[in-house]
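Only one chain is shown below, in structure tokens, and it's the form predicted alone.
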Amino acid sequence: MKVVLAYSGGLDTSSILALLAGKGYDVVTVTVNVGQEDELRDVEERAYALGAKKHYTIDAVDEFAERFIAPAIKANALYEGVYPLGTALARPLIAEKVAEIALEEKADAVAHGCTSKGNDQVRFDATLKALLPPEVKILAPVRELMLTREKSMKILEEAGYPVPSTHKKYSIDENLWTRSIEGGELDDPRNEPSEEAFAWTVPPWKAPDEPLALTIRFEEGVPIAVNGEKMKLSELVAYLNKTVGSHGYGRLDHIENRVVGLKSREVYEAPAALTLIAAHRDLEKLVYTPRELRFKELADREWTDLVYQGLWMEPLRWSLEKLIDEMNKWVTGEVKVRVFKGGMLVTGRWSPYTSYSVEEIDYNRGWYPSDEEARGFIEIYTMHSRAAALARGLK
């Protein structure tokens, strides 16, 4: 039996590889590079050491940025107003690549390392079911065998593979957009994360004493330059993760409502994501009419929920994305931000499509309604509210 395994090189997928190879399966491992630099070290060597017959490492960093991160920026995608969807965005892309290799290798099954408690089982299974013929089975050994982290570590130790110390304490998922940290003392929401959990951000109290000033240029909703230097999106995100993170900004500590009905405590690092979404949202406020702004907030939230819930293949997601793309045609301009010791402020913005008028808002010049015009506006504007309050006896 030939199995194509989505292989991250971490604890769960390494133990799965050892299990499947031990049962005599021909295992083909697929590692998709979506920006997880640390996890890619020696990943091919590890795969072969644990019994893989063949290994693929697929560089999808630019594709991840352009097909998944760019739409998330345009949609101001923060699940429950907090989480920038890093893992949720990467999973359908990884599943796509695994499905491609499975078809190429004429595999009998595909496998992933998701548990029955997490969201990723939905994201992987939904995408794989949409892309593979029904005769290709989907295996989820961690879910099927209810493998705990302790059991997985024992499997690897018995296979003669040393478990990295970080995997013993935390479950970490990293990509270009976010770094997710779970497990250990973090399972108790009362506990403050220890500094060893973080890798992209310094603690705010150790950040530089001088603020970081950035000017981010957007073109049709997508960031294209920082401080006048043009970069492709993947490079721009990586640059902001490093630069903004070095000033202590980008940490999240979140009680999250999972798809499967559980609440979880999630700790994230997302310096670039939080900076870019805040800047993009601010530029939208400069450009959109009030009705556009409020309606787009509804579309953004629905798009974000669909992605979080593993419904990347849902037709509504495509339809909403067309609307969001259309509205972002006018989101061009520059946003100034200042980062200082764990905080970030937008300090200025400009767009050729702004509907903001300095002359109209200035109290000393330009357009000024007369007293008669102001009174007439207030009379008509409040008529419904006053009539309803009177009818209901509200005073």
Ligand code: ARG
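Since the model is a prediction, treat every value here as computed from it, not as a measurement. Sequential numbering from 1, following the sequence displayed.
The form predicted together with arginine exists for this protein as well; it is not shown, and the discussion that follows is about that form.
Note that among 231 to 239, 93 to 101, 117 to 125, 320 to 328, the stretch whose heavy atoms approach arginine to within 4.5 Å in the predicted complex is 117 to 125.
Using a 4.5 angstroms threshold between heavy atoms, residue 303 stays clear of arginine in the predicted complex. Contact annotation: residue 256 falls within 4.5 Å of arginine in the predicted complex, judged by heavy atom distances. Looking at residue 177, you'd find every heavy atom of it more than 4.5 angstroms from arginine in the predicted complex. Though the partner is left out of this view, residue 182 does reach within 4.5 Å of arginine in the predicted complex, counting heavy atoms only. Checking 288, 200, 83, 312 against arginine in the predicted complex, a heavy atom within 4.5 Å turns up for just one residue: 83. Of the residues 276, 88, 244, 111, just one reaches arginine in the predicted complex with a heavy atom at 4.5 Å or closer; this is 88.
Residues of 259 to 296 that come within 4.5 Å of arginine in the predicted complex, judged by any heavy atom, are 266, 268 in sequence order.
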